[in-house]
Structure formats: C-alpha cells, structure tokens
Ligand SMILES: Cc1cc2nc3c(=O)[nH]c(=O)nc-3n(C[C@H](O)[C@H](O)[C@H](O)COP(=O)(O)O)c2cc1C
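Listed next as structure tokens is one chain, alone, in the form predicted alone.
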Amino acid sequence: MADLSTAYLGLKLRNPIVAASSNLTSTIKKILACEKAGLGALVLKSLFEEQVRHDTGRLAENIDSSAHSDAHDIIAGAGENHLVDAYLKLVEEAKKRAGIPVIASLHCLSTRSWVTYARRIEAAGADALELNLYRLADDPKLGAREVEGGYHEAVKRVAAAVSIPVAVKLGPHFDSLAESVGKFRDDGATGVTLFNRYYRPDVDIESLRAIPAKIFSSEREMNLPLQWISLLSGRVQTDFAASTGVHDAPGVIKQLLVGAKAVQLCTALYESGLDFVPRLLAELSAWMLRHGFGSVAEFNGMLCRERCASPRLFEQNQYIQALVGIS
C-alpha cells in the first residue's frame, strides 16, 4: 500500500481524509467510529455562540425576576457555562480517547467571544481550531470592507491569543478571495478551508411556504474549491483543505493534485456511511501505485496553476472558451 500520510496545519495525518464539522463528529461514540473507519483527522461539530445564546435565553425566559433581581442573569449565565462546558468536555474526551488529530470548530458573534472561546478550547486540548467565518451580510448599509474587516480582526486576535494552529473556513463570497486568503495568512491563520457550504431556503410553490433547501452537496459543487485551490496553492503559503462536493476517490485525488493538503468529507459520509472510508483509501492507494507515486507528497500540488502546463484552464477565460469558442 502507498504511503498516504501527510501534514496539515502542522499536524501529522495518517491520510488526508478528514471528517468535516457535522453531526457525525458531535459525540465521543461518533468520533471513535470515525477513527476506527480510518479517517486521518476530524473537525468537531461547531460550537455556535448564537446557538448558546438562543438556548440560554429560552432557559431563562420563564424565570420570575421579581422574586430575585439577579435571577435571570444567574440562570442565563449558568446555562451558557453548561453548554460551553459540554463542548469543552467533548474536546477533552476526544483527545484522551481518539488517536487522530482533533480539530475544534467555532463560530462567534463578536471578537471578544472568539478569543474567549478559543482560549478555552485550546486549554481543553484541541490540536487545532477551525474558525467558521460566516455572517449573512443582508444589511444594504453594511459594506463588504466592514464585514471582511470584522473577519480579519477576529482571526488576528484569535491567532495571537492561542498557540495551536488556526484555520479559517470561508464561503466564496469575497470582493477579492485571493487577497483575503493572503490577508488571513498574514493575520496568523495556518490554513484555509474552501468552501463553507451555507444552508439556504427554498420555496414550495404549492403550499406557498418557505422550506429548507437540500442540505447535502452534489458532485457538481466540487469544481469551485478545485478551481480556487489550484489558483492559490503555491502563491499563498497556507495549507488548503478542500470541502464541499467531494464524493469519491477521484474527487479526493483531484483536490490533492491541485494543492489541497487535506480533503474534508461530509455528505459522502452521510450517504455512504463510514464503511466508505476504507474503500476510498484503497482506491487512493491503488491510483498512486498505478501512477508510480509512493507518497502523497510526490503528487500533491503538481497541477496547481503555478505548476500546471495549461494554467489558463483554471482561469476565467475557460468560461468564454467553453461557451463561444474563443481561444
């Protein structure tokens, strides 16, 4: 079998396949199942400050504050501590019992919370931290620079506050994604995950109701991270993880060829189960041996834009060539 080991965020992985942040990594039982299946690392289900606030608010909303003036704040504070402590306990237990790198995931609403939670997650023993950067910028008066400036400030503060590697998980909607990725590197981020797949609504035209859209990715979505990782790998010195749309071994191989250091799976694990992982690794190994590669490092990034014989295929003019035949 070929050597599938690799390095991501300064961590040694037995292979580049990582369980993405989801409900599949939300309990110690599921985490140990991921390890047993052969995954190289895992990203824990995200700790969302917004969810913590929502749950603690519901806990405290029926408290009669007239009985004690501080009752609401006491209950709300206790509820928040309980929820955050439960997440930190999961980090601690995962580190004690799992033999693969454990990457925590965090989404906060303020820079102060990013730093506070990040420090506690580091103290709990996480090997690295993935910052789930997402803000629905639906205010017409809120500019792109203000939104993105908040992201950069949060990453800069967190990277300065902790000693574990920090990665940022991004969506594709940036004024200049290439510039932003470079800035996140300058902010102190060790890696970038492309891309965050946001859940979106749909509309039922018969019942006239808003409904959830399909939450699972399709293989067609893989080309977006493939394109951007290829364009930026080698030009921005950061570790890229591919996410969204990778459903099989060829998809993994393609992402590694264009420069991804790790490939995060979610939908494929939901739809095919963890038994899919050994088959995927066997296919990856067989492909490597068939092409004469003894290790992942030998072919990782060989088709990124900087090293590809046809770099223009990854650029926007591919769209023009495909549609109108201009060369």
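Values in this document were obtained by computation on a predicted structure and should not be read as measured data. In this text, residue numbers run from 1 along the sequence as written.
One more form of this protein exists, namely the form predicted in complex with the named molecule; it is left out here, but the text below deals with it.
Visitor: Heavy atoms within 4.5 Å of the named molecule in the predicted bound form: which of the stretches 214-222, 228-236, 157-165, 178-186 has them?
Guide: Only one stretch qualifies here: 214-222.
Visitor: With the partner left out here, check for me: in the predicted bound form, does some heavy atom of Ser46 sit within 4.5 Å of the named molecule?
Guide: Taking the distances in the predicted bound form, the answer for Ser46 is yes, it comes within 4.5 Å of the named molecule.
Visitor: Taking heavy atoms only, is Ser21 within 4.5 angstroms of the named molecule in the predicted bound form?
Guide: Residue-level check for Ser21: yes, a contact with the named molecule.
Visitor: Since only the chain is shown here, I'm wondering whether Tyr151 would be in contact with the named molecule in the predicted bound form (any heavy atom pair within 4.5 Å).
Guide: Taking the distances in the predicted bound form, the answer for Tyr151 is no, it never comes within 4.5 Å of the named molecule.
Visitor: Does at least one non-hydrogen atom of Asn300 fall within 4.5 angstroms of the named molecule in the predicted bound form?
Guide: Outside the cut-off, so no.
Visitor: Going through 174-201 from first to last, which residues have a non-hydrogen atom within 4.5 Å of the named molecule in the predicted bound form?
Guide: Heavy-atom contacts within 4.5 Å come from Phe195, Asn196, Arg197.
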